[in-house]
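Just the one chain here, laid out as structure tokens, in the form predicted alone.
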């Protein structure tokens, strides 16, 4: 075979599905129900974004930020439908990495997996970095004490030495993951229900001070303002694909994975729109400050009641939100590496399953150690922002994958089919490209450097150890 044929050789869909669940030394255990899968995706999506990004988006769109959230949800929906079709057709742990391997070939699959490493590992480190600040806000409001800056900020930040708080939340999530998938799913379910209750509590408090006049004029910045805000809040929807990383631990993956992806996106959209409407109703949009957004919801809740206890509850919700995101995203990262290791593209240690716990323990510990170092010692800067472009690239690949698999293998059994094919995946890919085009140049530079590093790693290790390529020598 030529080099090009090796690089773009696809892995048969039937083989990918047949290998599902099998690792070195044991198998993953199918324990996760539909609602646990749904809450996994909600847990990864409904994070700190809504607690901070609303304050940044309102000055761009005014009260029409409510429409911006709806527009962003529609944009995400096209990719979510494509994820749902492929998750039901190829129900394995690799998410978009496995889908790309089945449709576009090994090199594209590697690039997709490498993008997912950026999305998962770096983004969860960035989220963990902020946990100390939210924890401090909560502790100060409740007890009047704060943790020292030396252990709640990263080097390079004011007074930061080692962000111990970030390391602690990563280690707590790791401890839960090592117990098993069902235990982790149960803990995540509790976290997600708490933060949904907290956000609904915010809505009740804010609606008690609702002023309809705050919605006039509704769109002071016009259509341009709405689209600008939609591009910003779109990143609050990233994470709905988390359920697709649990394909080998779902009880009924062909039925439940597509449903979990769609339901989770619907839940998150309803919560976002309610929170946005309540926040605008309680505080005039001109009072939102894009430069000071960390406690915007807590501040609004305090203003609505004229006391500090509502803000305390909202701050607690932010602390729980970060814990849930860290847990679900580390889980997703380990399962993608598990699938890549089974294909020989990363070392075999990542596919070793503990026969008693039925989880990849070494894999989880390595990922946790890497994320802890990033979160505790490295100022992430633009690399963290590049997670958005990596995610959108993976989304675009999934949309293209649906087109390829429909035309190449129309006979495959599909438990879910995207409606209005081929318009839906085509629009999904185009919308991903449009949002990517609007990102800052420095983000593209960071992404380019990450891709270059990924290609070096592939040709130094993955190409020579690929099981698929090894079979044709």
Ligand SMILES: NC(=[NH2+])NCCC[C@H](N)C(=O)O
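What you see is a predicted model, and the numbers here were worked out from it, not measured in a lab. Numbering follows the first chain given and starts at 1.
The discussion below concerns the form predicted in complex with the ligand, not included here.
Heavy atoms of every residue among 44, 119 and 236 are located within 4.5 Å of the ligand in the predicted bound form.
329 is the sole member of 229, 297, 329, 261 with a non-hydrogen atom within 4.5 Å of the ligand in the predicted bound form. For the options 315, 123, 364, 82, the one in contact with the ligand in the predicted bound form, meaning a heavy atom within 4.5 Å, is 123. By the criterion of a heavy atom within 4.5 Å, residue 49 is counted among the residues contacting the ligand in the predicted bound form. In the predicted bound form, the ligand lies within 4.5 Å of some heavy atom of residue 325. A residue is said to contact a partner when one of its heavy atoms sits within 4.5 Å of a partner heavy atom; residue 127 meets this definition for the ligand in the predicted bound form.
Here the chain stands alone, but in the predicted bound form its contact with the ligand, taken as any heavy atom within 4.5 Å, falls in 236-244 among 369-377, 236-244, 96-104, 145-153.
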